[in-house]
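Two forms of a single protein chain come next, each set out by itself as structure tokens; they are called structure 1 and structure 2.
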Structure 1
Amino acid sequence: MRSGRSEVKRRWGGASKLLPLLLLFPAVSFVLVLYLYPLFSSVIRSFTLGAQSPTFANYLKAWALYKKDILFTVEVALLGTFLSIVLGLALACYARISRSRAARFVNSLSRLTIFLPYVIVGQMMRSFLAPHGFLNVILANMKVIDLNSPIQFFNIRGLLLGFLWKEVPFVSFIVLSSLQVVDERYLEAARSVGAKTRHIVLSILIPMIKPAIIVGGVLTFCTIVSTFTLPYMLVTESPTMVTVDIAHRVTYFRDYGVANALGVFLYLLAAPMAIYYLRRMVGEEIYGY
């Protein structure tokens, strides 16, 4: 009887060790197939040109043809991320501190943009920012501009407006989720000693939610770098973003080597943010800092 029980225990013990691996298998397979395989494949193909391998010819050609676009992508990503964080923080802090109906209405209204895909945002922005679109017509009626020489938004200005319209509510949502758990007694104590709103925000709230700000910044930066639809629909002149160049190299030239080289540029651009984010999250999880 005892030998039978030990045999059953031995079998179930082996199954219990195998069960975590079976549960992890779908997630690990998903990451390997959809992320790691395209990454390594893109890197390898970027160093291949016909029968020549390895070669830096694709990178040299990509830099010669699209140097301005690469720098433009970096500029848009940095500016868009910085402005999204600043405006998202302001919106979240306003919704957290203010108890007015206006604050609740603005907070609820801003959430709608999170669920809209970029293709819809791009089409809306094209209509809104067109030379004779809604914004220029309003400005002309206010006698701010002459409609015969409207403000041109199909460039970096319109692109940043589109990204901000989409990403500011996203950052605000992440930050506000952390602000909601801040004990109200901290704010009441600060007000009791005469602290103004700006002191409460800068000295109490922001230091307590740094991880949420970092998460919002990393996700916003990677989203801006990887978005194709918005720059394709809003930027009608050079320079444009690298994602549009990749599509053009594949669609019109079938030049997969240069397209993969441009993709590696984007990987390198997003890698520092991703590494910092992972180190920060792992440090908090293991070491508590």
Structure 2
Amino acid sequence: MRSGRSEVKRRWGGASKLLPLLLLFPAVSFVLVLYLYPLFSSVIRSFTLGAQSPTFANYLKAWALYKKDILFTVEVALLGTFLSIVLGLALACYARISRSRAARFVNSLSRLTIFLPYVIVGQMMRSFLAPHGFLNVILANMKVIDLNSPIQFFNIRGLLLGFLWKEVPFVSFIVLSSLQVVDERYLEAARSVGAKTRHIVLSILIPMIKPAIIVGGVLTFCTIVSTFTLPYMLVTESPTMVTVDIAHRVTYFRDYGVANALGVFLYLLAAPMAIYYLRRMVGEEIYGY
């Protein structure tokens, strides 16, 4: 009997060691082929210029041509992320604390924007923010502006409005999911010691859902940095965002070297966020700190 068991163990022992690797193979190969290979390929090509290799020529050229756009991208990403977090958090806290029908309605309505593609948002924003578009007409009717010299929105203003229109509900969605699971007793305990709503939000709710805020911020930052459609449709003057420059270099000049250098810059911009997110979130979720 004993020898029979050991025989089975011997025969199946090798298979049981191989099985996890076999199960992992599709996912790992997917990541290797579709993510890591293009990443390394573009990084290598960014250091290649004809026969010269390796070289910083692409980076020097990218910096010389697109310095303003690079700084503009950083500015839009930081400002857009910050405003998305502040407004998304405010919307989520309102929905969590108020629990009124109005709050629920506003919250549900805002969710619709999450499911709209950026190209639709861009088109809507173009009509809404045009020199004689809806917003300028309303402001003119309110005598805030003269329609003969309307506010120009096809620059950082319009771009930020477009990003906020899409990203605020997204941040609110992520944050509210966490807020919903905060036990009501924590809030009541705060109220019992004299906390008003603003104290509850700032001292209890926000610290308790900090991981969700970080997730929302990281994802929003990465989305803004990598979105092409919105800056392409909404920014008609210089500077614009790096993604538009990449498309421009490839479409009109077939200059993959500079395009890849700009791409590496975007990776570098998003990488610290991703690393921070992975280190902190994975640690907290698995080990509870």
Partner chain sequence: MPQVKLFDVTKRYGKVTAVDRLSLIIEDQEMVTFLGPSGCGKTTTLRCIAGFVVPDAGHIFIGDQDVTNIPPERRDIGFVFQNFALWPHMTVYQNLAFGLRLRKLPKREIKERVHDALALVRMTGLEDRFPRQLSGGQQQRVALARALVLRPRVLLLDEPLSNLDAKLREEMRFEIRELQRQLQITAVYVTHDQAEALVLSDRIVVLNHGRIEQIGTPQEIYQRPASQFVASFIGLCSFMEAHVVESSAERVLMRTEDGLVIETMSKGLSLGQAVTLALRPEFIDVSWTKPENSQNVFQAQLVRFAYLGENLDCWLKVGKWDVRVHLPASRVQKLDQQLWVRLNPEKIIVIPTEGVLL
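Each form is matched to the other, and the largest set of C-alpha atoms that superpose within 1.5 Å is called the rigid core. Here, residue number means position along structure 1's sequence, counting from 1. Remember, predicted model here, so these are calculated numbers, not experimental data.
The form predicted on its own is structure 1, not structure 2. Taking the rigid core as fixed, one finds a CA shift for Ser192 of 2 Å or more between structures 1 and 2. A displacement of less than 2 angstroms separates the C-alpha positions of Ala271 between structures 1 and 2, with the rigid core held in common.
In the rigid-core superposition between structures 1 and 2, residue position Leu23 carries a C-alpha shift of 2.6 Å.
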